[in-house]
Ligand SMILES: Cc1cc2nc3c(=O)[nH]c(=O)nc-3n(C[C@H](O)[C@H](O)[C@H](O)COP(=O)(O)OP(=O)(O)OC[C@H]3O[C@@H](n4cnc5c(N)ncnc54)[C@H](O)[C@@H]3O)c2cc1C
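Just the one chain here, the form predicted alone, laid out as structure tokens.
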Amino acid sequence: MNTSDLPPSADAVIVGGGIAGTAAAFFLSRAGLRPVIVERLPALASLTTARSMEAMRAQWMEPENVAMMRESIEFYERFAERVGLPDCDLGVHQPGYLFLTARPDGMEALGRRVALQHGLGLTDVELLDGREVRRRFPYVSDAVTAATYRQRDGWLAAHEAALGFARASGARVVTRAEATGFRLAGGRVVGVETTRGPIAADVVVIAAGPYSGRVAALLGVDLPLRNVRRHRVTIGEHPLIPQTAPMVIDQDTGAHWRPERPGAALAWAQPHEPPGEPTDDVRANPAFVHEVMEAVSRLCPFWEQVAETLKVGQVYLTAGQYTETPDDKPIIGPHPDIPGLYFNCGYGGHGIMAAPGGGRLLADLVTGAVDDRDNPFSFRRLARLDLQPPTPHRLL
């Protein structure tokens, strides 16, 4: 990875240096292209990537999502080998994802889901009744009627993953370079204008996270994206937090937590959050700390005791933005009417877990190894959608 001035040309320019952009650079370089990453901020992976829960799971329902997440998890499991950086350690933890429900029909409802996932090849997802859940995870409430569990799900160091992709790509990285326009010739994109000068390229990828819609608008392209505030609470060391726990999700509400040595991380995609403009400084709601701890204690009661004994210095609250599409799937691939323009954005808060699969797919679409007509994440699908706001929170 070289950080330097903007070169006059490249084979591909990636606008955005989060994990989606750096993964795109890596896979494009492996496909034989010379990529350049232009990042508006002073450093890579310093906006939404830095504020994520850093998680990865294959427990989805749609075939295309299951396939992409499985591919990505397998890539992360052998990251250093796959990118050719023996010293790159992502600290991958795989204690699993545990989805809990207190619904009276929990076994039936989750049983149908597990059967579907098994049919998609995700045969290591387990269906647990309330008794088995409490035997294996004794901090779970008696109210829980059923759960699903997959041990190969987990989390990793997202910042290290993004920097690893960038370093392994050999891409030139230009920071403090904001895209201000595009160069066109004969109806196709042939370069990007930035605050640090122009750069010519036959391939331009918009991977700017919450700013992707604004960048696309420079070309008159209307991306149906909305940015929604999402919080993360980090708790310092506390003896009541089980450090061997998986990611634990209340399937009924969406509130979730996981250990983060020596404490924990908590989050919740609250349905009342309105969409907003992209911003670097997402103001956090101080009340969220109380709200999320009350929510996770519903099915894991020990959190009530944690809340009662916490000190101010043990709690760190931050907020970022999910960038969502109407069908909760990312936009990956070419614009059908503007040759040379590609997208890798709109992951809805799941960019960490999907970055390897999404980056590989993007590179295959650029090189023609995959036809966009066979691409479930194509820009073309948006024309067929009822462009209503996406679901308030997305777990599966």
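Computed from a predicted structure; not experimentally measured. In case it trips you up, residue 1 is the first one in the sequence shown, and so on.
The form predicted in complex with the ligand exists for this protein as well; it is not shown, and the discussion that follows is about that form.
Only one of the listed residues (31, 370, 66, 41) places a non-hydrogen atom within 4.5 angstroms of the ligand in the predicted bound form, and that residue is 41. Only one of 331, 58, 352, 363 comes within 4.5 Å of the ligand in the predicted bound form through a heavy atom, and that residue is 352. In short, of 204 to 212, 144 to 152, 298 to 306, 125 to 133 it is 204 to 212 that has heavy atoms within 4.5 Å of the ligand in the predicted bound form. Highlighted residues 16, 178 and 320: every one comes within 4.5 Å of the ligand in the predicted bound form, counting any heavy atom. With a 4.5 Å cutoff on heavy atoms, residue 25 does not count as touching the ligand in the predicted bound form; it lies far away. Contact between residue 172 and the ligand in the predicted bound form is not found at the 4.5 Å heavy atom cutoff.
A residue is said to contact a partner when one of its heavy atoms sits within 4.5 Å of a partner heavy atom; residue 226 fails this definition for the ligand in the predicted bound form, lying far away.
For the chain shown alone, residue 36 is not a contact residue for the ligand in the predicted bound form, no non-hydrogen atom being within 4.5 angstroms. The partner is not shown here, but in the predicted bound form the stretch 36 to 52 reaches within 4.5 angstroms of the ligand through a heavy atom at 38, 39, 40, 41, 47, 48, 49, 51, 52.
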